[in-house]
Ligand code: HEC
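Presented below, as structure tokens, is a lone chain in the form predicted alone.
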Amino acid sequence: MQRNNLRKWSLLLGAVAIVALPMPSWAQLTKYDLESRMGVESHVGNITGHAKAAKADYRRYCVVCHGELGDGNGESFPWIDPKPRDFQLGVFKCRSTPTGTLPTDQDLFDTLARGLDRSNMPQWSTFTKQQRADLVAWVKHFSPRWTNEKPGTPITIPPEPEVTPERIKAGRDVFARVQCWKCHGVLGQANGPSAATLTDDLGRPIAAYNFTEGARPKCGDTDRDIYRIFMTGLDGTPMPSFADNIKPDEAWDLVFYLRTLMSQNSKEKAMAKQLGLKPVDPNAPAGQQ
């Protein structure tokens, strides 16, 4: 009798342990699922990429982080921070497309060439353009989203206006109004009141970008890149799209103000110094920075 009771408790505890394990958002894809999508292609300019042609390059250069099934659970997973991208989810930070939509093939192609600063994702500039296009197709074959959805339409980025002191001041007002300081801090040092609480969509801790440390923004460091980042958002992270909150002119003003927070010398930084521009005051009434 006692032995039977022990067996019941053992089975019950085992079931509880299984339930307590973190579960994926949907069923894990199998090798059979992936083999059925080996015909996926990418199209970048006049180059057509083929998933099956990238198998060897992926196994040699990418599998250690992203894993055999593209789920981000490669051998290096325990020691990497930030964690490798789970390609099966089909969610990407660096896109030219609206939040919630798939990136274009060109977006993925550019990410491979650019790499991601402050991560273990290097610049793969040694690959030929054909190899990169093939790897884009390989990345796409991991997620069923590309079977059912099309990439979003890239956002329109208007011509960059001339930077002026007035625009920099207006950018500071935007920084205050949409509360960028809550994560990035009033000086852009990633020490805002919400910074320590930030997690990605999988519940893992994630750091806000520190504008002062000199590192390149993950999705590019040109003015157009920075404009694109906060108008598309970084999907999978707490960084939302502000496309519905700020107008295009205000977005450019914000770009100019963010340049004043960066460690690199710039005309925006020089203008801010001449103005004696002070950091935002979180306690100031709206519109009275």
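One-based numbering along the sequence shown. All figures in this text were calculated on a predicted structure; none of them were measured in a lab.
The protein also exists as the form predicted in complex with the ligand; that form is not presented, and the subsequent description refers to it.
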Item to complete: May I ask you to state whether R118 is within 4.5 Å of the ligand in the predicted complex, using heavy atom distances?
Response: yes
Practice prompt. Spell out, yes or no, whether the shortest heavy atom distance between A208 and the ligand in the predicted complex is within 4.5 Å.
Written response: yes
Worksheet item: With the partner left out of view, is G152 within 4.5 angstroms of the ligand in the predicted complex by any non-hydrogen atom?
Response: no
Discussion item. Please tell me whether any heavy atom belonging to P82 falls inside 4.5 Å of a heavy atom of the ligand, as the geometry stands in the predicted complex.
Written reply: yes
Worksheet entry | Complete contact of G39, A113 and A133 with the ligand in the predicted complex (any heavy atom, 4.5 Å) | no
Discussion item. I need to confirm a contact call. Of L89, V186, L198, A170, which residue comes within 4.5 Å of the ligand in the predicted complex, counting heavy atoms only?
Written reply: L198
Worksheet entry | Residue (of A51, V44, C62, L34) lying close to the ligand in the predicted complex, criterion heavy atoms within 4.5 Å | C62
Worksheet, complete the sentence: Across 227-255, the residues having a non-hydrogen atom within 4.5 Å of the ligand in the predicted complex turn out to be I229, F230, L234, T237, P238, M239, P240, F242, I246, L254
